[in-house]
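Just the one chain here, laid out as structure tokens, in the form predicted on its own.
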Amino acid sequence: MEAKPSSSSPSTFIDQLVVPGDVILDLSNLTNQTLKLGGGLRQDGDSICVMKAGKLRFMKPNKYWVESSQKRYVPSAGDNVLGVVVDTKPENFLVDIKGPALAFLPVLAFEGGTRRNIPKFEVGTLLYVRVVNANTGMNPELSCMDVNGKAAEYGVLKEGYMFESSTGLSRTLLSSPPHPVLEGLGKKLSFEIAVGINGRFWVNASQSSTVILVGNAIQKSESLSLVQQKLYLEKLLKSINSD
């Protein structure tokens, strides 16, 4: 496959369809710039190459990735994900993050973590965690701390319900401008939501009917165009008002 010509800036490819073999950036033309590469991209010498088909996305200040609506999640360092504890070991918790292999969460990877205050998680516990390392051929490493060693928003997600989605929908929910269905429901209903880039999102509310309505609406929105999403939201909000 013939690669597209590279550019001194990947901005020309942002939101455009790219395929394996495309070269989106020639690093030899850059000076004093640091880039973060997400899923679907790799560095090959002085070139940043595409590894899977999809749309090139960008998040400020410097992260690039290829977005495709796939079910399988490919871990990348810096990702925030929803993980389910599947086993506990003396040194680590084994966590399913919907990737090709189980990830491990060190028992000390918590703010103020010591041998005296190791958390106790039962199998099935849902966690909001950060991917620290995701090297090829190795199990991804997780943490419940931000880059400054603080707990921040990471930790156990209690109550509520976890919904599955594609990784493409997850990125849409986290992108700017806000997802129209999520934004519209947020103005009308009271609920909490946590979105993992790995194709999972968690919803919690005082009423289970709200959890189900929000979760189902977000899942349904993926198959709709932007115009259809707005029409669907209007219909949904009318039904809520009539209840």
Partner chain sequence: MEHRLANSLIMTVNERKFIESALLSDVRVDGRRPFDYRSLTIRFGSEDGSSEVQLGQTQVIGFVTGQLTQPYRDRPNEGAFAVYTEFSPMADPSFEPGRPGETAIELGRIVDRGLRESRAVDTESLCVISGKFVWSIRIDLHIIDNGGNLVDAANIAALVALSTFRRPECTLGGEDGQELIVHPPDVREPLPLILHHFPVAVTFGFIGIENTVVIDPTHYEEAVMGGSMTATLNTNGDVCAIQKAGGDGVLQSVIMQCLRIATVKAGDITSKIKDAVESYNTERSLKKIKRHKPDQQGSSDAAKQQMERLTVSSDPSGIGTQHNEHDKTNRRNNTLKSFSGGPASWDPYSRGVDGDALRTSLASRVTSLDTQKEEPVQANPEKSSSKSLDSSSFALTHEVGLDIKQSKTLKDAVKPKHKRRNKSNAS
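Note that the structure is a prediction, hence the values are computed from the model and not measured. Numbering follows the first chain given and starts at 1.
One more form of this protein exists, namely the form predicted in complex with the partner chain; it is left out here, but the text below deals with it.
The partner is absent here; in the predicted bound form, the one residue of A77, V86, A151, V147 having a heavy atom within 4.5 Å of the partner chain is V86.
Between the options A109, L126, L169, I118, the residue in contact with the partner chain in the predicted bound form by a heavy atom within 4.5 angstroms is L126. Residues of just one listed stretch (43-51, 203-211, 172-180, 190-198) have heavy atoms within 4.5 Å of the partner chain in the predicted bound form: 203-211. The candidate site formed by F13, K60 and E67 is entirely out of contact with the partner chain in the predicted bound form, as no residue has a non-hydrogen atom within 4.5 angstroms of it. The partner chain is not drawn, but in the predicted bound form it has no heavy atom within 4.5 Å of V132. Within 4.5 Å of some heavy atom of the partner chain in the predicted bound form lies at least one heavy atom of N216. Taking non-hydrogen atoms only, F163 approaches the partner chain to within 4.5 angstroms in the predicted bound form. A residue is said to contact a partner when one of its heavy atoms sits within 4.5 Å of a partner heavy atom; E141 fails this definition for the partner chain in the predicted bound form, lying far away.
Along 96-117, a non-hydrogen atom within 4.5 Å of the partner chain in the predicted bound form is carried by D96, L102, in order along the sequence.
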